[in-house]
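Single chain ahead, written as structure tokens, the form predicted on its own.
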């Protein structure tokens, strides 16, 4: 897909496009491919949910995009409004710092991600000090404004993180990420460390802030219910690869990759009378230091055929808005339609 291509059904422009993004860790002459040749387009104003089991490369993808860790190879084309689009991986440190105001990250743990020796004011003001030349009164005004926007009382800005609950700390982390008014935000498990009731508050806050500030999100999460509620599209990852990418409703209604099918079957249903169709995967997640040949999922796949053990399936369009990396995706689509009609 061209970097300047529009999403046909909405007319949205891409804000971020990755091409061949790859991260390999090498130690003692062994190589671990944490992220394998990832091509991904995120459109302006959308929420892309990223799901998959632990170790699949979700966080690595987010950190490579923002260059919190340096990718081994690839490109990350970033096109914020009002600023020339660039390949973030080609920028020197000085230029990258200027673009960092437009792309920020909300971290998973609201306890370890905040410096306990800094006040809330200093934590939130730090990105402004790094990016702009504001006077002290201007800084206090900016910090108070973003604190109010995230639902906290500006009177608390001179307190330390230990004085706040987990939900309040996560609001502080959100305020720190948004204080430079970025256009693209990576949410790395932003609600997973919180109680369910607090999760709902933070999710609603993120949705409100998206509408108010015109944000685009990459929302990394283990929680399928959260992703279903918040996301425009969903990207499913397995062993460092994208195995399925589709609009949220399409993916949850008719998954076209066996791994996604099993993942959704493990999603608990609130209705006790809902018929259980749990798919139990056999075997363990393959060792990333010695991945299987062919499709990385084939040792655990109940549909696998001999071709799956020798050919790596490319991520391809099965329908206009649904991509899957599976040799049998068309067959699964027919089976999914049949199951929906007869269930």
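Values in this document were obtained by computation on a predicted structure and should not be read as measured data. Numbering follows the first chain given and starts at 1.
Another form, the form predicted together with a small molecule, is not on view; read the next lines as being about it.
Using a 4.5 Å cutoff between non-hydrogen atoms, residue 68 does not count as a contact of the small molecule in the predicted complex.
Under a 4.5 angstroms non-hydrogen atom cutoff, the small molecule in the predicted complex has residue 288 among its neighbouring residues. In the predicted complex, the small molecule lies farther than 4.5 Å from every heavy atom of residue 44. Remark: residue 32 counts among the residues lining the small molecule in the predicted complex, judged by a heavy atom distance of 4.5 Å or less. In summary, among the residues 318, 56, 315, 48, the only one with a non-hydrogen atom within 4.5 Å of the small molecule in the predicted complex is 56.
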